[in-house]
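In the block that follows, a single chain appears as structure tokens, in the form predicted alone.
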């Protein structure tokens, strides 16, 4: 079994992507051996009203019974846009979305903004996770119109420090993973799951030793990235780094436990 905790539907305005609809995503999953994908709508990054993207995803998932249990929707919420509290309620209580993805750099707010902290606390109280992507696209080759910036691991720590008892999903870690002892202890003490799509996880074996085998799970960041690299980081672990039991945790069991699947 294989669960992808980092995938998308929708379009990227600066680059052509494949598998951008729920139907195409499911076909891709079947071809690639992926049983379940955690998905949000890329359009929510660029729409002024992110709720329109959440509704698009919700309506698309209703079109085919095969999507149920295979494509798990996450809401894109912008806490500095009017009505975000209603959006959160509609997405979770009404649409059954299983978490929230934040895009502070694109929506132009700090992770420590009071409304962001309130959103994280409300999501925590619902028992749902907050997902943060450290990079959407490689800014070295991105469009001059793309305002994306890349984070290091320490850049997400301020919100964890403010709400230490929330559940966090850290996606596409690409830059420095270096932390001070205090920062390391803060992260170790939090309830987080990190996907394997980011290039900074080239030394996954040492990361597992540092943070624990329960803290990592397969993620592809597709269709922006390919679906293979994140899996190769698991399958290429040497026996002394991870036995078959640990690899099974990373392929799907950690995701099952974290997301209550």
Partner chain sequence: MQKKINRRSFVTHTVLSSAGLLLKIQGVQENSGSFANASLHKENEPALMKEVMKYRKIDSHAHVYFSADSPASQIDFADRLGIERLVISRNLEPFSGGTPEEFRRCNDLVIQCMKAYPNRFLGTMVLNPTYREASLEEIKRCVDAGMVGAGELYNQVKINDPAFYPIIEKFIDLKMILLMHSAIGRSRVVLDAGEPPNISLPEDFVEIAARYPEAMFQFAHTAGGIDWEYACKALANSPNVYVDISGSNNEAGMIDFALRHIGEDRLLFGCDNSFYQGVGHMLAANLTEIQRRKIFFDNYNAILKKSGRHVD
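Worth saying up front: this structure is predicted, and the values here are computed from it rather than measured. Residue numbers count along the first chain shown, from 1.
Just so you know, the form predicted together with the partner chain exists too; it's not on screen, but the next bit is about it.
The partner chain in the predicted bound form is not approached by residue 62, whose heavy atoms all lie more than 4.5 angstroms from it. In the predicted bound form, at least one heavy atom of residue 146 sits within 4.5 Å of a heavy atom of the partner chain. With a 4.5 Å cutoff on heavy atoms, residue 56 does not count as touching the partner chain in the predicted bound form; it lies far away. Among heavy atoms of residue 233, some come within 4.5 Å of the partner chain in the predicted bound form. The candidate site formed by 85, 165 and 210 is entirely out of contact with the partner chain in the predicted bound form, as no residue has a non-hydrogen atom within 4.5 angstroms of it. Only one of 184, 142, 152, 190 comes within 4.5 Å of the partner chain in the predicted bound form through a heavy atom, and that residue is 142. Residues of 210 to 235 placing a heavy atom within 4.5 Å of the partner chain in the predicted bound form, in sequence order: 223, 224, 225, 226, 227, 228, 229, 231, 232, 233, 235.
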